[in-house]
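Just one chain is shown here, as structure tokens, and it is the form predicted alone.
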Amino acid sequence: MNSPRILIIEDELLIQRSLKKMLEKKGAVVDAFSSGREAIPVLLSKDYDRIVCDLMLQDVTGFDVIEEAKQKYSLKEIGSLFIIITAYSSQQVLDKAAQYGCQVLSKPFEDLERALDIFLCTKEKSEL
């Protein structure tokens, strides 16, 4: 099986670097950005198996990134590609993520191994 290709968009560098390192240890190929604006052109030009995006970035929101991704992906593809990570998961955030079909994981992760499995696509959403 090919290594999963994962894009991480997270402006908290400690979280970003930790996730990148842990996912690479598990065999993933990981690109990481702290800016949504920097990540969007890469997201549109490269193919990823999973896109892990923080909701509250310094420059744009995770939902802004998803809106840009619509240039390349269908809503169904966005739902299976994107995972929103956030320390602020309100009902409003969950409702908006549901409109895109995206999963939301709260930071800090309750179960890090499970979060990594989700990011690596080893667990399908239906199992959650």
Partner chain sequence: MENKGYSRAKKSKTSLKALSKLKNISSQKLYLAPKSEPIRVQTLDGKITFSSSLQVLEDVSFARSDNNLDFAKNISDQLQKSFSQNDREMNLSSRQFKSHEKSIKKFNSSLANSNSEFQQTITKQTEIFSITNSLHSIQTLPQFLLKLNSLKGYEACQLLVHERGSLNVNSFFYGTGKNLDFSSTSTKKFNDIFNLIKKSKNRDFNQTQILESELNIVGTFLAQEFNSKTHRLVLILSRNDFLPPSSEDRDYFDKLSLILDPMLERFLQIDLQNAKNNHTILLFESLPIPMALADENQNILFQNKLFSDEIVNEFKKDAGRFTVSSLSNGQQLICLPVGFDKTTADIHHHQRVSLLGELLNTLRHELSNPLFGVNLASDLLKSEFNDEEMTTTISHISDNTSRCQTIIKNFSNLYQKDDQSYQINLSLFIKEVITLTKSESRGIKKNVLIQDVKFLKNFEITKNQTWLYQILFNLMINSAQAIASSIQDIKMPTIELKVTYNKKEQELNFTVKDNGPGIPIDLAPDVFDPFFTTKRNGTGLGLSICRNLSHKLGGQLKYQNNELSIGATFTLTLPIDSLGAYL
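Numbering follows the first chain given and starts at 1. Since we're looking at a predicted model, the values are computed, not measured.
Heads up, the form predicted together with its partner chain isn't pictured, but that's what we're talking about next.
S.K.: The chain here is shown without its partner chain. Which stretch in 82-90, 32-40, 69-77, 45-53 comes within 4.5 angstroms of it in the predicted bound form, by heavy atom distance?
M.R.: Looking at the partner contacts, the answer comes out as 82-90.
S.K.: Is there any non-hydrogen atom of residue 12 lying within 4.5 Å of its partner chain in the predicted bound form?
M.R.: It does: once its partner chain is placed as it appears in the predicted bound form, residue 12 has a heavy atom within 4.5 Å of it.
S.K.: Taking heavy atoms and a 4.5 Å cut-off, does residue 25 contact its partner chain in the predicted bound form?
M.R.: Heavy-atom contact with its partner chain at 4.5 Å: present for residue 25.
S.K.: With the partner left out of view, is residue 21 within 4.5 angstroms of its partner chain in the predicted bound form by any non-hydrogen atom?
M.R.: Residue 21: yes, in contact with its partner chain in the predicted bound form.
S.K.: Within 89-109, which residues come within 4.5 Å of its partner chain in the predicted bound form, counting heavy atoms only?
M.R.: Read in sequence order, the residues that approach its partner chain (within 4.5 Å, in the predicted bound form) are 107, 108, 109.
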